[in-house]
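Consider the single chain below, provided in structure tokens and representing the form predicted alone.
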């Protein structure tokens, strides 16, 4: 395809694999890159040496463009912001905050900066700060979410900025890609579909939960904390719902600590946090990253 996203990063397909904590590592990122999209390593709250290890591993698996997703609330954010420069990473996406203080030095290093935004106001701020594009992510997404749906958010972001916009949230097949382009996006970011890629190393129980999920099987938990998270309904989600009704934000935060790793790494999909988007009902089989991308753009 020929559009501004493909031209910006020399891509075959304008698709980013979402930066999913405890999921998006070197194997998946390299597989997506080799298939013509942008694979992302999710730094999340991981220490800097782990992120460095994954970047080096990805370099050994692909000579195509891959990037790092930096969660700006991480205690290691400053160090990882420097690490991506030192390692010559080509693209950085950011979430959970304002990337403004890092953008100048990333741009000086030749890194393409593409923040994830939940509102047109933040998109405008990121454009003014020098971002090359933005990812407008609707609340249909798995994991941490904003308030607006993809359908309402994307066209408003497109109309508010001049840089390219990628759409995220609720996209898992070619119909979703077409819809994103109809809304004015020039690319898409996909998370849930890549959870069941052959190259994804998340625990098999996690994959099975996604494959079995139907359209009503996810819920947004923790709204009273100010950081809502979309997950598959399970014992943990029900406990969080109860705490939310009781107004216990502190209890929710405590209960959620380590819950994602418990599901993604250890395979406990009852007590762990199985982050997944509302589109899971369309995700019904495991495929290679290449098959997923080619099918979505067929």
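This structure is a prediction, so every number in the text was calculated from the model and none was measured. Residue numbers count along the first chain shown, from 1.
As for the form predicted together with a small molecule, it is not shown, yet the points below apply to it.
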Item to complete: Would you mind picking out the stretch of 89-97, 178-186, 150-158, 195-203 that comes within 4.5 angstroms of the small molecule in the predicted complex, counting non-hydrogen atoms?
Response: 89-97
Item to complete: Indicate whether the small molecule has at least one heavy atom within 4.5 Å of a heavy atom of residue 190 in the predicted complex.
Response: no
Discussion item. In the predicted complex, does residue 125 come within 4.5 Å of the small molecule, counting heavy atoms only?
Written reply: yes
Worksheet item: With the partner left out of view, is residue 227 within 4.5 angstroms of the small molecule in the predicted complex by any non-hydrogen atom?
Response: yes
Worksheet item: Within a 4.5 Å heavy atom cut-off, is residue 166 in contact with the small molecule in the predicted complex?
Response: no
Item to complete: Let me know the one among 145, 113, 84, 172 whose heavy atoms come within 4.5 Å of the small molecule in the predicted complex, would you?
Response: 145
